[in-house]
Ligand code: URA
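Below you will find one chain, with nothing else, as C-alpha cells; this is the form predicted alone, and questions on how it binds or moves follow later.
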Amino acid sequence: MRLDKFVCKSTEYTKAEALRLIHAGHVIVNGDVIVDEARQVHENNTITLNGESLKARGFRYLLMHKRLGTICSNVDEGYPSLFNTLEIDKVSELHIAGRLDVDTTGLVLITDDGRWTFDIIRPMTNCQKVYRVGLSKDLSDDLIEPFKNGLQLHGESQLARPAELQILSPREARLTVTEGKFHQIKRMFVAVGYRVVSLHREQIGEIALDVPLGEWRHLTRDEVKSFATVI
C-alpha cells in the first residue's frame, strides 16, 4: 500500500493533509523518515506520525446491485455515480472491482483493497464472470462453438479467451467469460453479427447477485476469501 493511502486509512486526514504531513517529515517507517508518498508500506511495518503509532483500518468488501443509468465512478460524470447510495464512511476510498457500463445492470463488487481487486480482474486467475445477455435477433446454436474457441475482436491482435455461451431463449443467452476487455461482451456479439440490447451481470466467481435492485450488502469472510483460491 502507498504511504499516503496508509496514513489516510489509519487517521481521519484527507489525502491532501496526509501529503503535507509526509512531505514535512512527520511520518517515520521502520525508524526512517520517509517523504515519498508513493513508498510502498506493509501493515506489519512500524509506522508513526508525530510519534503516534499508526494502524490501518480493515479493508471493506461490498456487493451492490447496480441500477441502469448509473456509472461505476466515485463522482457523477453525466450520469449519477452508484456510490451516491452508499451511506458509509469514507466512500471516496472505495473503488469497483470490475466496472460495468452505464447501460449495464447487475453485480458489482466494491472495495478499498487493491490487491484483492487485482486477483479478480486479471485474466490469468480465470475468475468467471457470468452475464445474461439480450440480443436484437434470434440466436443460432452455431454460435456456441465460436465462443468456445475464442473470437477475434475488432482492434485486438489476439483472440478473446474462450467463453461459455448458453442459449436461454431465442433472443436471450447466458455468457461466462474470464476476462474483461473494454465493452467486451458487446464486441464479442458484434464479432458474430449480433447487437446486444440488454446486459446484466449475475455472478463473479462464487458470488451470485442476491440483493434487490439498487441495494447493497457487506460480503462475508468466506466470500472475500473465495477469490484467493481462483487459479
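Predicted, not measured: the structure shown is a model, and the values here were computed from it. Note that residue numbering follows the sequence shown and begins at 1.
Absent from the display: the form predicted together with uracil. The rest refers to it.
- Taking the partner from elsewhere, no residue among 127, 207 and 226 has a non-hydrogen atom within 4.5 angstroms of uracil in the predicted complex.
- This chain is drawn without uracil; in the predicted complex, the residue among 28, 54, 185, 167 with a heavy atom within 4.5 Å of it is 185.
- This chain lacks the partner; the member of 160, 94, 100, 120 within 4.5 angstroms of uracil in the predicted complex by a non-hydrogen atom is 100.
- You can rule out all but one of 176 to 184, 56 to 64, 29 to 37, 43 to 51: in the predicted complex, only 176 to 184 has residues with a heavy atom within 4.5 Å of uracil.
- Among residues of the shown chain, residue 81 is not one whose heavy atoms approach uracil to within 4.5 Å in the predicted complex.
- Contact between residue 199 and uracil in the predicted complex is found at the 4.5 Å heavy atom cutoff.
- Proximity of residue 104 to uracil in the predicted complex falls within the 4.5 Å heavy atom cutoff.
- In the predicted complex, at least one heavy atom of residue 131 sits within 4.5 Å of uracil.
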